[in-house]
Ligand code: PMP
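Before any questions on binding or motion, here is one chain by itself as structure tokens, the form predicted on its own.
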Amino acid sequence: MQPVKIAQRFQNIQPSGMLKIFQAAAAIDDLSNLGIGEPDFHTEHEIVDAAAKAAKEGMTHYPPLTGYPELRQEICAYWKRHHDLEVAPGEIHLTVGGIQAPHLCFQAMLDPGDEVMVAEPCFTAYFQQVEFNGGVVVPVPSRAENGFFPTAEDFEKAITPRTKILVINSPCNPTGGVITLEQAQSIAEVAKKHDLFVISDEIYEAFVFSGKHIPMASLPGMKERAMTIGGFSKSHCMTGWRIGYVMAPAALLKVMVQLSVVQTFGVNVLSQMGALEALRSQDAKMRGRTEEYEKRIRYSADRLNAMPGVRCPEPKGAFYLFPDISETGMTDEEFSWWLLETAKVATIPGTSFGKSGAGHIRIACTLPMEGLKKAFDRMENALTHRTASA
């Protein structure tokens, strides 16, 4: 008899295509890893010192459940300063990484069978979170010609009487797409017309190289029907600190806070003190890293477009590229595994981010320039040799 009885809904749970690649890549010596979706920069010393100072001064007790008031005030100031978005401290809740935010929202809002439209390709943790909370995922595919964002018409076609939430991510993981004002306005109109709530994942808001970051909550009539996900992992290189936040209507936050009590009972005090210092003193360094990622990502796009069978769109934001490799004659899964085994270069198959990622791979420009050059030299040599041998 099996002593551990796994819940029926989790009995067939499987690792993602991304995880399988990561597991295989871990066994390869001298790997060029273009798959890691986190900044390669360490957390700045000022942030670390602020957290250490707080610990030494006795800040080792339970935090306020919604986050320290001074940190929530600084988050308000950050969004006003960078994106001209007006937010009140009472509309902010600190979370354990940005990833806890949509989970809490789905848990608070979804009744069994409610549908959630998710713009695809996407960070597919959304899919699992919706399903784990009793909802039904409705992927809304996009196309390269629209910057990898579904059009208003695409969303309209996917709406049913059970549709409750629409999820959008800009700048986007995995495509690096940045939504335009016109696109954002058209999606907002769909949400208002059909009384939908919008989850806008804006965790990469600091990395925009073409255009301007448009907070969905800044559009007319959207603040009361949008939740914005933000954080420190990408903008301030604090992935290991596990701290993010959500900006949302007070009625939703009230429920999300109560749900978070039985899950985490607040967010790590020292992480909050580090985040406070990050917002108060790190704007210039953040801009410097953004400029460095822009150099890397434009170099990478040029290298990719010079390779046989590869087409890469203009970089827009985040630190990802999503090149089309379909002209190589391989699927995205086949290509990523072939590249790993042939050239010791790790990339992520596009279908790891939904069916509409087929024929693409995700490349993360989270290596220094010399590392990127080495990786693309290997990739180009492998493709050139394969083309010559065909």
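So that there is no doubt, residue numbering starts at 1 and follows the sequence shown. Being a predicted model, the structure only gives us computed values, none of them experimental.
Although it is not shown, the form predicted in complex with the named molecule is what the next lines describe.
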Handout entry: Answer option from F209, Y78, F123, F197, heavy atom within 4.5 Å of the named molecule in the predicted bound form
Key = F123
Exercise for the section: May I ask you to choose, among Y204, Y293, F148, F106, the residue with a heavy atom within 4.5 Å of the named molecule in the predicted bound form? Expected result: Y204
Problem - Output flag, P64, H93 and N268 jointly within 4.5 Å of the named molecule in the predicted bound form, heavy atom basis - result: no
Completion exercise
Of the candidate stretches 227-235, 251-259, 280-288, 109-117, the one with residues having heavy atoms within 4.5 Å of the named molecule in the predicted bound form is 227-235
Handout entry: is_contact(P313, the named molecule) in the predicted bound form, heavy atom dist at most 4.5 Å
Key = no
Practice task
Examine K164 and determine whether its closest non-hydrogen atom to the named molecule in the predicted bound form is within 4.5 angstroms.
Solution key: no
Handout entry: the named molecule contact at P139 in the predicted bound form, heavy atom, 4.5 Å
Key = no
Exercise for the section: Would you check, heavy atoms only and a 4.5 Å threshold, whether I99 touches the named molecule in the predicted bound form? Expected result: yes
Practice task
Give, in sequence order, every residue of 146-181 that has a heavy atom within 4.5 Å of the named molecule in the predicted bound form, or say none if there are no such residues.
Solution key: N169, N173
